[in-house]
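Below sits a lone chain in structure tokens, taken as the form predicted alone.
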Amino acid sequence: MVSGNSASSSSLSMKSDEDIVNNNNNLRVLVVDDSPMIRKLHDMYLKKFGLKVQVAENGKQAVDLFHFGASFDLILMDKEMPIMDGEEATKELRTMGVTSMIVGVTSLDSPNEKQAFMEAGLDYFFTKPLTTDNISFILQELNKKNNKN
């Protein structure tokens, strides 16, 4: 499932994976998830698209990275994590002025929880694990955003 900015995977004009890889060689992605399996899976998928990937185990680690001067073009943020959850981390990052695209990724299916997560400052929301089609869509949207700036 995808939410946010009227995203619909059925209405996508998909570029080839090769085109997407060639456009993203310098993009940096932060994967924030407490599940080692999900971190590894998303890391593997993202690297297939030519992205530079860093991982964090919880929202506090993600916020700390930005406090120490790190920057990322894209953040994949899990909702439920120990220490600092994704909703709190997203709010904190937005309060700090972080303008990176933040995509919520969670296994939760409650409409109220999804809405609260989106309102924290997400650009998009997907049910995990992400698929290569999801990643293609996210990267196309990120490229559109970057081309506007």
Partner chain sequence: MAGTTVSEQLKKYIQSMHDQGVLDYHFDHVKALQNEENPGFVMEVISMFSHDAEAAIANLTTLLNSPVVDFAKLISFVHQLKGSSSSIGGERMALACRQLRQACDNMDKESCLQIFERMKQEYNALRECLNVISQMERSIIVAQEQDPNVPSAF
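Numbering follows the first chain given and starts at 1. All figures in this text were calculated on a predicted structure; none of them were measured in a lab.
Another form, the form predicted in complex with its partner chain, is not on view; read the next lines as being about it.
- Remark: all three candidate residues (L41, K48 and L108) come within 4.5 Å of its partner chain in the model of the complex, counting heavy atoms only.
- Exactly one listed residue, out of S100, N58, S35, Q54, brings a non-hydrogen atom to within 4.5 Å of its partner chain in the model of the complex: S35.
- The partner is not drawn, yet in the model of the complex one stretch among 115-123, 85-93, 59-67, 100-108 has residues with heavy atoms inside 4.5 Å of its partner chain: 100-108.
- Contact residues in stretch 116-137 (any heavy atom within 4.5 Å of its partner chain, taken in the model of the complex) are K128, P129, T131.
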